[in-house]
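Next comes just one chain, in structure tokens: the form predicted on its own.
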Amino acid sequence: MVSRPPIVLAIGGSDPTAGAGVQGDLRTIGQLGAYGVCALTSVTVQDTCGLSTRQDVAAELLTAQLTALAGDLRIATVKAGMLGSRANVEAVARFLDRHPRLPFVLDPVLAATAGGPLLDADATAALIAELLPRATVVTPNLPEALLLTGRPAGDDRAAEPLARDLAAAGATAVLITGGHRPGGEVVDLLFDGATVHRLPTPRLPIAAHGTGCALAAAIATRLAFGDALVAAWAAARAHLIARLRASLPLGHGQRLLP
């Protein structure tokens, strides 16, 4: 008998380079042995140098995608990235309400690395109110954490207070990635609501597209296999580092994860 892999649902935008977005998520999920399915929130025009434009999917179409998948497949975990609009944020929240036992990894994609904002202020407020309280873990980088907590961009507070702020806003656990802080070491910080965990790794002299997407998708996948959150995070981080070391200079901009 063929064993059935767990199914991970990736909700997010389309990235034509397949380095991030749902294409990148599906690659990550498959590499870790699960089966990835996806619901599209936005179609983007981008390359390895940046994003130029996008067209968000109507919330009714997003809801129809989610309803079809959940009605046919036994989904184990959900990961959401770029949502594009307030209506799409609310559609995801309603879907999660219909499936309250599903672990939910929220990667709050608020802006493109090159190409401007991907979620306006109104939609970001909806994400904070509607999705943070439904998140098993939220995985912002430092700039995203500052935006979500309303702190100014120049605020140099440590990651721990930011994580506690986001937990107070409703997230069950908060992972703040450390790649945006200077220094020879990258320190990710996870606050699980009770304990602060830190995972330091040497900084690699490599910048690649889609690292935040890959980490969040890997965490969702390991949760689908039954890992506890801290173990899922450690495994996801190790997987990401291995892919960073093997990243590919295929275009004129950022490297792509294999």
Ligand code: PLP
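Treat the numbers as computed from the prediction; the structure is a model and nothing was measured. Just count from 1 along the sequence shown to find any residue number.
Not on display, but discussed next: the form predicted in complex with ligand PLP.
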**Message:** Can you pick out, from 78, 82, 135, 159, the residue that has a heavy atom within 4.5 Å of ligand PLP in the predicted complex?
**Reply:** 82
**Item:** Distance check, residue 247 to ligand PLP in the predicted complex, heavy atom within 4.5 Å
**Value:** no
**Asked** Does residue 109 make contact with ligand PLP in the predicted complex, using a 4.5 Å heavy atom cut-off?
**Response** yes
**Message:** Is it the case that residue 222, even though its partner is missing from this view, gets within 4.5 Å of ligand PLP in the predicted complex, heavy atoms only?
**Reply:** no
**Prompt:** Does the 4.5 Å heavy atom contact test between residue 65 and ligand PLP in the predicted complex come out positive?
**Reply:** no
**Item:** Stretch from 29-37, 222-230, 185-193, 203-211 whose residues place a heavy atom within 4.5 Å of ligand PLP in the predicted complex
**Value:** 203-211
**Fill in**
Checked 44-81 against ligand PLP in the predicted complex; residues with a heavy atom within 4.5 Å, sequence order, are 44, 46
